[in-house]
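This document starts with two versions of one protein chain, written out as structure tokens and named structure 1 and structure 2.
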Structure 1
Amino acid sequence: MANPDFESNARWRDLDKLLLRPGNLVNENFEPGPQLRSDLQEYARVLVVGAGGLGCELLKDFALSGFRNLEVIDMDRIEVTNLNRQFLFRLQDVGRPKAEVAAQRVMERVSGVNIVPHFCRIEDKEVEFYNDFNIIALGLDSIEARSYINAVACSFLEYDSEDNPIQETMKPMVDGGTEGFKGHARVIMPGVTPCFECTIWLFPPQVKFPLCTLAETPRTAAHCIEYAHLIKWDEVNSGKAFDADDPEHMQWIYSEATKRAELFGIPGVTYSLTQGVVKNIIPAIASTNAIISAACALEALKLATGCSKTLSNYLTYNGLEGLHTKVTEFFKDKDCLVCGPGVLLELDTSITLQKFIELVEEHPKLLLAKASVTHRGKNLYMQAPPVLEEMTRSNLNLPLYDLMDKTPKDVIHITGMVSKNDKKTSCLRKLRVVFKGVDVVTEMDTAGGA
């Protein structure tokens, strides 16, 4: 009869090699011993954001690395085109939520792990939801989604009176990304390493085609597809919104793009290319996802246990011709609006919440629209949903100083819309508010926020 203790030890043999003995590269606080694995399995909580090609790999790798308390959030449903690389899904799963199926499949294969799925947009969760996790792992294909999670994680960071980050408030993130045979893995320690916003320049601008080229001189299959998508659809279907997830709409775009391509003698229009251009689908390869996920899972294990020093702080992988990996250390932008101490605003105690919102929306560094305001988890004013707007509307005429319980110096969080590349996206910003003429009590003298 099999010995369950022996089976358990054999299962975690490789993990124990990292956790049971010291080394030259371990974190300064690392204390090897069997309790470390138990603590990892019992207390470490990891959120995986995204359940696509990279997210599936991350869930599997975390579960096999000793993490038992996992949650995953994703707003998409499974499509047939996902099946070639998102290995947790089967043909019968098409149409089901990715997060739910991915969680179910991993729990079926890895005993002892508990994965809670969330089928919703990342913006639908309260900010405090993200504060419940020790590590946030990103498996996203969207710059906007990365920016949002980055801002949320950095919003928990507190600074002391000398603008030094307080370690206990840091929310570590592990970010992975792939495109074809290329990929990256990075570790973000808010306040120490550069956050996503500090290095936004690493991401190339999205390709855009001039409308005159699409309408008059198309030269590629993508031009023909974008013509059908951006011009022809509105001409023929006036007032009807295009839905990229509707097969009939996509088939119409493909048919019109094919006619356009034949007219100008341009080859290469296919249905899959039409989907890729219209939905801005990034090419993905299963092996690249597996490699990048492994790097991210290892970094998460280092963060959770201290068994080795973490990546410092950006790894690139290129498997296009042979194999090339490189680690680059980028530096934090001390003036970053997201991971820095926050924009400093000196205010009169008489300023109302309404005037404060107007000031924020006109601030040259912020330029936020439709701002909602929170202080230490309390909603001072919310633009949406309507029920919350109605509940908090009466606060607009009250002094901000009173709404902040007459705290002379503290942090306010603002959620609003910003325009980037002609596209409006939601963002979270941190503001340091100091009221003039009010003595700052020592225990209040922090630039942090809940």
Structure 2
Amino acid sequence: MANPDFESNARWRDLDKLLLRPGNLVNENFEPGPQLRSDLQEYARVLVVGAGGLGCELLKDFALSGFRNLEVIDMDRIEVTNLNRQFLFRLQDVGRPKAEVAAQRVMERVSGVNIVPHFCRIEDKEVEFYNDFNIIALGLDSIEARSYINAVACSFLEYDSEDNPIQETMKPMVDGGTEGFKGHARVIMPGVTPCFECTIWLFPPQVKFPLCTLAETPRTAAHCIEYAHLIKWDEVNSGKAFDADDPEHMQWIYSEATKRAELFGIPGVTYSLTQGVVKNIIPAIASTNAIISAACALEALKLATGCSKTLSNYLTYNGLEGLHTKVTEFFKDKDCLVCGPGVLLELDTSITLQKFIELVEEHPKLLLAKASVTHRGKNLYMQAPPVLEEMTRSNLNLPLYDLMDKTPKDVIHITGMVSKNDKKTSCLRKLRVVFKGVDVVTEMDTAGGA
């Protein structure tokens, strides 16, 4: 009775049709057979980033697609407004970490699957943490977070001496996003397809109201709300930080916005709109999340097994007016700072880490602040946390060349902060460092570099 092999075979009745049988419309590396399923179960390691509307679906989809080694990372706790779509959560779970509850629920229902939850910010993990996965699935709702994970995944990508990406170092990603009845699913194969940064223009920055409009010529309910939120709050509550999750704060904004609207004869300020504007709420429904996540998980299954062709490389779904789906093949930006070979820096062997950091922070293509430096997973200098800063501070006066064990040329990873649309965000950049006069034989081609 208790024959585990037999049990799992019966369970994968449907999936096995795809994994065990040969086909013609499949990936060239497809090798059907029972070994493929067991390899998938044993070796494929997937990280799901985000345990929200997409993340809950993704975890379920992966668990029911034969994956067994899953991890999920999310910094949020469950809120009541999640319950209309994040189907792994119940009312009594409100306040608990999403990653933990999601992992537990899926493991309870799908035997054999193991899900490790991480209740923290994505930046809290060492970069190397992300290198442990074969596939990273993104279920996020912010551009900044996507951009960060993308940079991390691309940082593992290495190029050979002819600037061709090395297959073994590619960290594939599937990325989903939804808004109401619309969504997208995409496959990112760093070095081959465009990375998130290559096509960042697909995500135009959020339009902000000019402050003078808010202060002098308000016309809409949203203007009145943003006036209360961005101007009046600081005037009245000097020093007190505004917290969008504090109902009293929100109520205050609402009543100030109402007063202003009455003053100017502007209709339409409601509590619901106030929340929507202040928190920049993106409407979300279960069905779209389910569609987009399943498309992403299916692509991940194809990446892991080759059991069908892959999406190349960007799918949009729009259910607003009828039903429209479209596949667009975007092309990568060969000069991309993130997925390209990296900015090339030619250095003297005498340059200290301190000087190197200054050089990097002033570099016109990089323009980052608070740079921390890593070489092959070794922290050369870390700005934070304080313990690490203290531990690495003494390196600042040492030559970088020595810190890199006298490697004539290699890749260096820099993490720091960049300003984008008046917003500071974490970023990760890859640099190629070459020391002058050390190794003339294999001198790198500097064309197109720094």
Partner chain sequence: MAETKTKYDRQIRIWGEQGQTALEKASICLLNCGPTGSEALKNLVLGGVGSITIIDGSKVEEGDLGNNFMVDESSIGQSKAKCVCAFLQELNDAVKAKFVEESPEALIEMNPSFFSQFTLVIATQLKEPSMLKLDKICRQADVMLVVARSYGLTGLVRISLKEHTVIESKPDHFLDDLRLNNPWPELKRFAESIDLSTTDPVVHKHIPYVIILVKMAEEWANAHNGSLPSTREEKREFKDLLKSKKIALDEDNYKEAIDASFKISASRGISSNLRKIIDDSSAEVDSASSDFWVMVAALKEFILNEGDGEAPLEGAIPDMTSSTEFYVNLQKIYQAKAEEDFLAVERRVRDILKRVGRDPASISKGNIKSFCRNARKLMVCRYRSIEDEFNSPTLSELQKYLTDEDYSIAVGFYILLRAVDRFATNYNRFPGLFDGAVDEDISRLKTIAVGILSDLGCNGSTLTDDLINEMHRFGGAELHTVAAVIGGIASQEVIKLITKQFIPMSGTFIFNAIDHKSQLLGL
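When a residue number appears, read it as a position in the sequence of structure 1, where counting begins at 1. For the two forms, the rigid core is made up of the largest set of C-alpha atoms that agree within 1.5 Å on superposition. Owing to the predicted nature of the structure, the values given are computational and were not obtained by experimental measurement.
Working note: structure 1 is the copy from the form predicted alone; the remaining copy is not. Core-superposed comparison between the two structures: the C-alpha position of H324 differs by less than 2 Å. Remark: with the core as the superposition reference, the CA shift of A261 between the two structures reaches 2 Å or more. L315: CA moves less than 2 Å between the two structures after rigid-core fitting.
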